[in-house]
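First, one chain by itself: the form predicted alone, in structure tokens.
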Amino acid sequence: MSGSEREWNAEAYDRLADPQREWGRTVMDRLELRGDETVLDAGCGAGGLTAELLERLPHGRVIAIDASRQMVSRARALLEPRFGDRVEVHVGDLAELSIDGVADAIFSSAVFHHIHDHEALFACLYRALVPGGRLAAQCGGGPNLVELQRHVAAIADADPRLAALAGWPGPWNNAGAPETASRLDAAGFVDVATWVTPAPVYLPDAARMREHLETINLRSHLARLPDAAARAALLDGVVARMASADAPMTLDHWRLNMAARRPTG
């Protein structure tokens, strides 16, 4: 992942990420926490879900990691005054994580599809857990955003200003359920369950869709383009195509869900 792909507009993301928060709460519900655990938040973003996780841990603590310095800065400002030494927030690459045997559980929402090496990721997460520790996560997977990618490809093929996108598969690792289960098994996890579910996101108007695409879905695509005119051409073209689609103004999200445990022995 390049430096530009690591960074996000944390303020805008925090304002627009209601779907991501809803997905994350569903994952959090699967953890069934006692309230005194140490939990690793693997990709904490701006910290909104981390705060909800800490509320479920009145006698526990959270170690929160994110690759984006802007996200970590915003998360620290939100979390540290409220939760003090019950939370640590660090900049880090989850596929190079060097935490060993600390976490009773790992929570992650809408992150792993940004990481290309899932074998390294799962090996690091396994090491971070105590024996018997649990992983509950979801990310983009399977046919996630296939329709959006088709819109991008059609516009890029027709506009020479977007030549940098021609033939580019996009920034995501939208792994499927069977291959993810195999990778978790290979990392040493047991009680592995993986499944893919549809999670379409409807946005009410063109302005909101454009801002959402600019901040979240097409952030890496825009970074590859040479100037503001090319970036505007991409956004305007995608929004126009989405407005006339069979399901107007709807992002075709699919979520890859994971549950697994480090064995006790």
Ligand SMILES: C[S@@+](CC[C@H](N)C(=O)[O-])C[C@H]1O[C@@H](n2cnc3c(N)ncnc32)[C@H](O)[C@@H]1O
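The structure presented is a predicted model; accordingly, all values stated were derived computationally and were not measured. All residue numbers are counted from 1 along the displayed sequence.
There is also a form predicted in complex with the named molecule; it is not shown, and the following applies to it.
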Requested in this report: Report the stretch among 159 to 167, 176 to 184, 85 to 93, 123 to 131 that approaches the named molecule in the predicted bound form to within 4.5 Å, counting heavy atoms only.
Outcome: 85 to 93
Report task. Check whether Leu78 has any heavy atom within 4.5 Å of a heavy atom of the named molecule in the predicted bound form, and answer yes or no. Result -> no
**Report entry** Met71, heavy atom within 4.5 angstroms of the named molecule in the predicted bound form
**Finding:** yes
Requested in this report: Using the partner position in the predicted bound form, report whether Trp254 sits within 4.5 Å of the named molecule, counting heavy atoms only.
Outcome: no
Query raised in the report: Heavy atom to heavy atom, is Ala110 within 4.5 Å of the named molecule in the predicted bound form?
Result: yes
Query raised in the report: Taking Tyr13, Cys44 and His114 as the candidate spot, are all three within 4.5 angstroms of the named molecule in the predicted bound form by heavy atoms?
Result: yes
Report summary line: Assert contact residue (the named molecule, in the predicted bound form, non-hydrogen atom within 4.5 Å, options Ala64, Leu218, Leu234, Leu49) equals Leu49
